[in-house]
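This document opens with one chain alone, in C-alpha cells, the form predicted on its own.
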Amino acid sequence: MAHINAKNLIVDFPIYGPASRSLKNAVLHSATGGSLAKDAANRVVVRALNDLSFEIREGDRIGLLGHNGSGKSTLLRVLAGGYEPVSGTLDMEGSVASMLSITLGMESEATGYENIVMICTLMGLGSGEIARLMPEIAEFTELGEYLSMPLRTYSSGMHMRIPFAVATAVKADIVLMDEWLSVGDESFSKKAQARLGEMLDSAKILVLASHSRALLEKNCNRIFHLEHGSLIQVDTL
C-alpha cells in the first residue's frame, strides 16, 4: 500500500561566502523564514526543515499550510527526491508524480514534440513509455500542427498546455503539488481542471501546499501547519 513515513527529518542549507553575514541577519529578523543552526562541521546553516515526523497513509489528502519560508516547498522537494535530508529517515512506497516545476526543461527553440520528450525524460520516463503516451499528450494539447513548430512561436496559454498535458498524463500513487495548477487559456481551462481532478481522484495520496486554508479544507482530510521549518500542528478535517 502507498504510504509516506518520515521520522526526525532535518534539511539544512549551508551559508557560504562574504554575503553570509547579511543573510544571517535577514534570517534572524525574518518572521517567516527558516531558523539558523550549526551543522556537524560547525558551519552556520539555514535549517529549512527541523525534526519533522509524520505518517501519511493510503487515502490521505494532506494539505501543507504556512507562510513563505515555512518549509512547505522544501518538504515537497524532499518527498520528490530533489533534496536529501541531512538526518532522519524517509520511507515512501508508491510511484510519485511531482507537479512542482512542470515547465522545467522546456526549450524555446525546440518543437512542441521535442519539448514533450524532454519533459518526459526529466520525469524519468523511458523511450517506450514516452512513445506510448505521446498520442494522448498531443491530442490533449489541441495544438495540432503547432507541435511541429518551435515553442517560441506559441502564446503563453499555448505554451502551458504542453507541460500540463505531460504532467497529468502520468498516473501515480502519490501526487505532490505546490499550489493548485491552473492553465491561463480560458478556452482550455475547464478541460484542464477536469483532467487534473481525474488524476487526483485516482491518486492514492495527495500532498498539496497552499497559502489558502479554504482550498486545503476543500481538498484535504488533514492539514499540516508548518512554521520556521517545524511541524507545529495537525488539523483533522
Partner chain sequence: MSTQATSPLFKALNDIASGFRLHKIWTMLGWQDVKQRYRRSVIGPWWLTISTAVMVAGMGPLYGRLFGQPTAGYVSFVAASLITWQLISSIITDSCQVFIAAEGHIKQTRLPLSIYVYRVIWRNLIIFGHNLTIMIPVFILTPSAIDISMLLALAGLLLLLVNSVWMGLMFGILCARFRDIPQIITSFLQIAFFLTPVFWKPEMLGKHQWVAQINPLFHLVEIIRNPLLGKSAPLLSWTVVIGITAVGSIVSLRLFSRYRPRVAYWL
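Positions refer to the first chain, counted from 1. In this text, all values refer to a predicted model and were calculated from it rather than measured experimentally.
The discussion below concerns the form predicted together with its partner chain, not included here.
*Asks:* Can you pick the one in 149, 158, 90, 133 that has a heavy atom within 4.5 Å of its partner chain in the predicted bound form?
*Replies:* Here the answer is residue option 90.
*Asks:* Is residue 144 a contact residue for its partner chain in the predicted bound form, using a 4.5 Å heavy atom cut-off?
*Replies:* Residue 144: no contact with its partner chain in the predicted bound form.
*Asks:* Since only the chain is shown here, I'm wondering whether residue 226 would be in contact with its partner chain in the predicted bound form (any heavy atom pair within 4.5 Å).
*Replies:* Answer no; every heavy atom of residue 226 is more than 4.5 Å from its partner chain in the predicted bound form.
*Asks:* Does residue 83 make contact with its partner chain in the predicted bound form, using a 4.5 Å heavy atom cut-off?
*Replies:* Yes, residue 83 sits close enough to its partner chain in the predicted bound form that at least one of its heavy atoms falls within 4.5 Å.
*Asks:* May I ask you to check whether residue 11 falls inside a 4.5 Å heavy atom distance of its partner chain in the predicted bound form?
*Replies:* So residue 11 counts as contacting its partner chain.
*Asks:* Which residues, if any, of 90-115 lie within 4.5 Å of its partner chain in the predicted bound form when only heavy atoms count?
*Replies:* Heavy-atom contacts within 4.5 Å come from 90, 91, 92, 96, 98, 100, 101, 104, 105, 107, 109, 110, 114.
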